[in-house]
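The data below hold one chain only, encoded as structure tokens and taken in the form predicted alone.
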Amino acid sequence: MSTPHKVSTEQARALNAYVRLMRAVEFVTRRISPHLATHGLTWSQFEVLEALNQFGSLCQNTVAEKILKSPANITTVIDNLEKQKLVRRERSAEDRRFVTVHLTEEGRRLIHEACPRHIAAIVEEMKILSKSEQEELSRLCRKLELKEGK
């Protein structure tokens, strides 16, 4: 990575790895996402539907945590999904600050329709890596994720 700042070899190596990781994520996401538009979904909307399908109804803040989005961003995403009748919100009677998001039957149908094509696109993208490379990439990414807990 080229930078106008003086950096050590260690810093340059870390920056280069980070930039390559982020670019790879962006390129792969860009290549696997177009089919979502055929279902009228954005990447974030797909992630919300998939999380609700996997975990069941969730508090809106938990949805944000699960898909690594800010609560403010997730509100807009869920607003749009609700307009499409793919999810419904339910405010807690005990504590009105808590809003639970439920997948509707239409949302469940759509995620079940979109998922196989999405999985196939991911598998196709990952074919560039051997089985052992995919496993190593997964292991390394997990290692980066777990750093947060240290």
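These numbers come from a predicted model, not from an experiment. Quick note: we count residues from 1 along the sequence shown, nothing fancier.
Although it is not shown, the form predicted together with the DNA is what the next lines describe.
Proximity of C59 to the DNA in the predicted complex: non-hydrogen atoms within 4.5 Å are present.
The shortest heavy atom separation between Q54 and the DNA in the predicted complex exceeds 4.5 Å. For T29, no non-hydrogen atom is located within 4.5 Å of the DNA in the predicted complex, even though that partner is not displayed.
The DNA in the predicted complex is not approached by E113, whose heavy atoms all lie more than 4.5 angstroms from it. Along 83-112, a non-hydrogen atom within 4.5 Å of the DNA in the predicted complex is carried by K83, R89, R91, E94, D95, R96, R97, F98, V99, in order along the sequence.
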